[in-house]
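Have a look below at one chain only, the form predicted on its own, in structure tokens format.
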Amino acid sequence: MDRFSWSSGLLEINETLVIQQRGVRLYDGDDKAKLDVGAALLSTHRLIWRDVKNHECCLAMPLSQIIYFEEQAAGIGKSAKIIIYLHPTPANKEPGPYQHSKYSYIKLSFKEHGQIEFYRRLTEEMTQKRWESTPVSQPIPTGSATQTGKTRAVGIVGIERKIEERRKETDKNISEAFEDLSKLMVKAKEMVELSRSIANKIKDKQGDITEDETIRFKSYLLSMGIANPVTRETHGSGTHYHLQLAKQLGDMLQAPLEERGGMMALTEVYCLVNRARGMELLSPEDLLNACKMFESLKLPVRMRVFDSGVMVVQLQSHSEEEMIASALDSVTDKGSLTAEEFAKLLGLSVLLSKERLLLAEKMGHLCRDDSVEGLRFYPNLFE
């Protein structure tokens, strides 16, 4: 910890933020530092730690101080950590929270996950050593001393130039971050096409394959799941995690929705997604937050909340008019229907069948008879 110096936390010219992660605690060797949980920031030149409650409490250490580093897996009641081994303290080091330390290493403890992505980015920076090729700009000399080399731009022009450089570097980092996810989406699409192709072959050879064998084979396809699910360990926490999760769900749910008539209850989606993810289970809250982002990301699926409060996921192309017409035709043909009878007729869940009938009633095409025998819908002859 005696390698850290007090810092303002501001990036210098030619220094670029690579990644930041909240919920990180510092350790001086094996001892907890006398600091609260904060945010760890990795730039092209420094490792920075900032107290999230007190922004004036900020520490920084040059990446050139790092010898090597390794991961320490999480345990029962223990968070995952990155152990960083350091060079001896330089003689010209600026003051910091620790003047002397008996340890030659520090630990970063990740309370809110994200250590996998942070470790990967730190590995990249230590390999590229960009702090050597692009040193940060030094302050402009004062007095009568002659200025040599490049000087930092000052005033409004300098600020605008610095903002533009940061924006370009941020765009580049975002593109690189999405590259791996794009490859994952391509693979996921290939798996959907493969399963659809096999399912079509099963239908063509239905006479040669028993129904039990067909069901068993389809369960094998579903058990293959997602090869590389989006998790908090790989994408951190918060909005970024839900953003990546929403994109993955958008691709994954298209085929199941098409098979189920274009609509699924959110509870069904929850079971289907968690079965496909294997051990990387989603919480209901994370699934709900990801589904709320479908429309803003312009994905081919949408989340919808009925008047009764029932939440569903449906294809964007799903037509409400066709849904109402289907309910009206079925009730007209049978004379009257309950939600259970309508569910058996269409092969849907009772919950979704009832919502379709209620929607047709709301539009004035059906009327109800609510008695001790249950809720039954009839064609509205008064419209």
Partner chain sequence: MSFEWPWQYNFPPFFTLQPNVDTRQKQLAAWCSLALSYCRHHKLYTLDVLEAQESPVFNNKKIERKLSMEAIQVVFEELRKKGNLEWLDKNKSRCLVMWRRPEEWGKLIYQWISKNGMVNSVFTLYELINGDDTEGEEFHGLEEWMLLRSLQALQTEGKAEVFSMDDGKGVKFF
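Residue numbers count along the first chain shown, from 1. This is a predicted model, so every value here is computed, not measured.
Unshown form predicted together with the partner chain; subsequent notes refer to it.
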item	value
Met363: touches the partner chain in the predicted bound form, heavy atom cutoff 4.5 angstroms	yes
4.5 Å heavy atom contact, Asn380 to the partner chain in the predicted bound form	yes
4.5 Å heavy atom contact, Cys367 and the partner chain in the predicted bound form	yes
Location of the partner chain contact in the predicted bound form, chosen stretch of 54 to 62, 34 to 42, 325 to 333, 354 to 362 [non-hydrogen atom, 4.5 Å]	354 to 362
Residues of stretch 1 to 25 in contact with the partner chain in the predicted bound form (4.5 Å, non-hydrogen atom)	none
